[in-house]
Ligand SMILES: NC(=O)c1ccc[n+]([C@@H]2O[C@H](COP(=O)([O-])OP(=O)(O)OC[C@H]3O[C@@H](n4cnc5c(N)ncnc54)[C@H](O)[C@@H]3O)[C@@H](O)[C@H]2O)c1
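Just the one chain here, laid out as structure tokens, in the form predicted alone.
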Amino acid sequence: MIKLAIIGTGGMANTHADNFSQLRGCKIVAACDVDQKRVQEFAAKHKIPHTFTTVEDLLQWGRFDAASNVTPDPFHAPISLALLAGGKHVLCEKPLAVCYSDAAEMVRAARKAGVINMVNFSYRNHSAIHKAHALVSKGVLGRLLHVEATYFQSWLSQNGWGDWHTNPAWLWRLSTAHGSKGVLGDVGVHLLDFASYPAGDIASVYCRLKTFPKAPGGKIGEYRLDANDSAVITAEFTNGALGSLRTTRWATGHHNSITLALYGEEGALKIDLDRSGSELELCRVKQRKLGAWATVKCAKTPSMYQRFLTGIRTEVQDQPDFARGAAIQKALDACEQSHRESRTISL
């Protein structure tokens, strides 16, 4: 039985608790949050026996094997480092850190501790992306030439996820002072992983970020609305392919839409998660004649939560690990630098 602690009990923590509670051989034994009322309500909801308001107290108690770090972004590094120093396996929410130097320190600490470490790129839960990775790796598309990827949300223009004007759970995502890296750090991190997992590592980026006026004086209460709302990234991959990666919170009509298209000399594939996470479209080129698009059904793959537990049981590190999270963080840092300096940044 793997005993798990969940640290941070906001909205995403419920997803972690729901998923881990459904897996055999895992018991959530503790929850930790600086807000005592919130952690107690979370524990009661998920039938978790022990609660703590500091990570230090949780570690001193110590009767757990692994932890999900579901705290706000600025706390990912310090809390994960404390857990690793205590010899605990760690599943950390994305982004792994707020800068590459912190992420690299987490990688070193995880290797020193010799524990299972993973970053929760949750769209890896869809089997289509693993099939795309396999097809590219096997050379089915031939030499990869072009990548198109989008992640569109509309919660700034529509109330499908609630009214952000009055909800701190959304307002903090618009404020750099509250730890937000904007749409780039919030969902662009997913987009970078989703595109480069099958397409290959990113070699360079040119990025433009934009923050649009949203309130008089650019502020609502304590929240200054200065985090980026839209990002457009031109990327070159180490295999020579060029890519366009775009994300925004202003995409009216798109609740939470992710697409990926990969084009090679011998074929192309497309994924649209609004349509299916377990199917992709494949088009093959034969004797320079364009074939029809065909639907490929993708065999079920383990979820991130299953991969984490399996890694602990088998002592075999699975992907995406902290090193992968650090590589994506390096790309995020390069995107921010590119925007500041209006130039292409090599990774």
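All residue numbers refer to positions in the sequence shown, first residue = 1. Remember, it's a predicted structure, so these values are computed and weren't measured experimentally.
Absent from the display: the form predicted together with this ligand. The rest refers to it.
A heavy atom within 4.5 Å of this ligand in the predicted complex is found for one listed residue only; from 284, 38, 46, 50, this is 38.
Here is the short version: of 85, 177, 134, 169, the single residue with a heavy atom within 4.5 Å of this ligand in the predicted complex is 169.
With a 4.5 Å cutoff on heavy atoms, residue 33 counts as touching this ligand in the predicted complex. Within this chain, residue 280 is remote from the site of this ligand in the predicted complex, having no heavy atom within 4.5 Å.
Using a 4.5 angstroms limit between non-hydrogen atoms, residue 79 touches this ligand in the predicted complex. In the predicted complex, this ligand lies within 4.5 Å of some heavy atom of residue 7.
Taken together, 148, 271 and 275 are entirely out of contact with this ligand in the predicted complex: none brings a heavy atom within 4.5 Å. The candidate stretches are 140 to 148, 92 to 100, 244 to 252, 203 to 211, and the one lying within 4.5 Å of this ligand in the predicted complex by heavy atoms is 92 to 100. Counting a residue when any of its non-hydrogen atoms is within 4.5 Å of this ligand in the predicted complex, the hits in 186 to 203 run 186, 190.
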